[in-house]
Ligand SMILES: Nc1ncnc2c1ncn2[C@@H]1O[C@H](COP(=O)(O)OP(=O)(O)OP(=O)(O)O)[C@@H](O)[C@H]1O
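Next up: a single chain in structure tokens, the form predicted on its own.
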Amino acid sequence: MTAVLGAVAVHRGDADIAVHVENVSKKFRLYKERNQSLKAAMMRGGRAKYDEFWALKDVSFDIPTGGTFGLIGQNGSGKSTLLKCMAKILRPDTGTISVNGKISALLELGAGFHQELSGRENVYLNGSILGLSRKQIDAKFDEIVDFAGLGEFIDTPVKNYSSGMYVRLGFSVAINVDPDVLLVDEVLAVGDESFQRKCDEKFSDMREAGKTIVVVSHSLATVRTMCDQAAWLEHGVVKDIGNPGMLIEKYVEDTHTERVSTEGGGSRWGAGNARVEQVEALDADGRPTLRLHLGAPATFRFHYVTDEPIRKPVLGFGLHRIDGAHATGVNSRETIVPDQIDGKGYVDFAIDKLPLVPGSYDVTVALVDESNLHTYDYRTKALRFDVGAGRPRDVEGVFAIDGTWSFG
């Protein structure tokens, strides 16, 4: 579903605040039994039995202008409900939400599309719903279709679209409204790798232009790398707000009962039917080591075991300095996704010239499905290793850029 609102002044009058959420609560009725007939209604006195469920309870926070804000939490924690309240699709029972500027929201897959209409017709239909004139849509049409990558399918009825095609078209329309605040609820997870990169670039462009992005996602890696700040919701209550990396660590420690401690003092969680049992660093000769060298060949080896065949697995890992700074994160999705793995095996990630500046580093590893929505195993601090001096020598920061100097 896409939705757009006109500019609304933030109550606090602070241009640095894009969204101000103050004491917001929202309840729903959970019916135990409904009146299916007039006779049933008369026998029950005209009233169906229900319980009240508070999806949000006294939620308050501010989202800074120009930043990317994440909402994390387990299913039923109130994330999507809060996003719909921000978009004015739902009205809070108590409290207020004030927005500085125009909102565009991409919340539900295909909810804004008419199934019998073509992609072209739906662009015009959605564009008009979002407040664009036909002349404005004409001017943006080619850009919308190009971003969605649906040129050859744009005159095909959307009932024949895949879920990925739905998302690409809906997102492309939403961002071309030129919103001040963009709300995105998980749906981008069905996009392919190429579309994900285009979205990342678009998000970056929007942030540089001073736009604000609010993201709901179960992908903790996405929130960690994409967001400046995040809020953790639990049973409709804000449990914590802060730096995404630190917040995610707290969330994992608190909510995943299946975690176990690792030797490095990290944590572990996931479904558990596929696990990364050991992580090794290998030197240029393929020997396990805890000391690699800048500029030298290195390989990270991840030993896995499964209890059942696992279809289309993706292995990813991140490197952090011991002060917690995130150095990098990579995964196998773009290079190779096997049809399945079964039993024991290992995955290698080989590096011709290790670019890490001398210091100590921790490895975080994740084994997930191709959509990155289902986690089999996630381990923080699965391995700690040192990087010794090498070439180039006089470097600072996290990564060494090796090149050739010349004076003209």
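Values in this document were obtained by computation on a predicted structure and should not be read as measured data. All residue numbers are counted from 1 along the displayed sequence.
One more form of this protein exists, namely the form predicted in complex with the named molecule; it is left out here, but the text below deals with it.
Across the proposed site, H20, F69 and R224 without exception lack any heavy atom within 4.5 Å of the named molecule in the predicted complex. Interface residue among S118, Q74, N243, T289 relative to the named molecule in the predicted complex, by the heavy atom within 4.5 Å criterion: Q74. The listed set S219, T306, T81, N176 contains one residue whose heavy atoms approach the named molecule in the predicted complex to within 4.5 Å, identified as T81. Put simply, Y50 is far from the named molecule in the predicted complex: not one heavy atom of it is within 4.5 Å.
The named molecule is not shown here, and in the predicted complex it never comes within 4.5 Å of any heavy atom of A350. For R29, a non-hydrogen atom is located within 4.5 Å of the named molecule in the predicted complex, even though that partner is not displayed.
When contacts are judged by a 4.5 Å heavy atom cut-off, A55 counts as touching the named molecule in the predicted complex.
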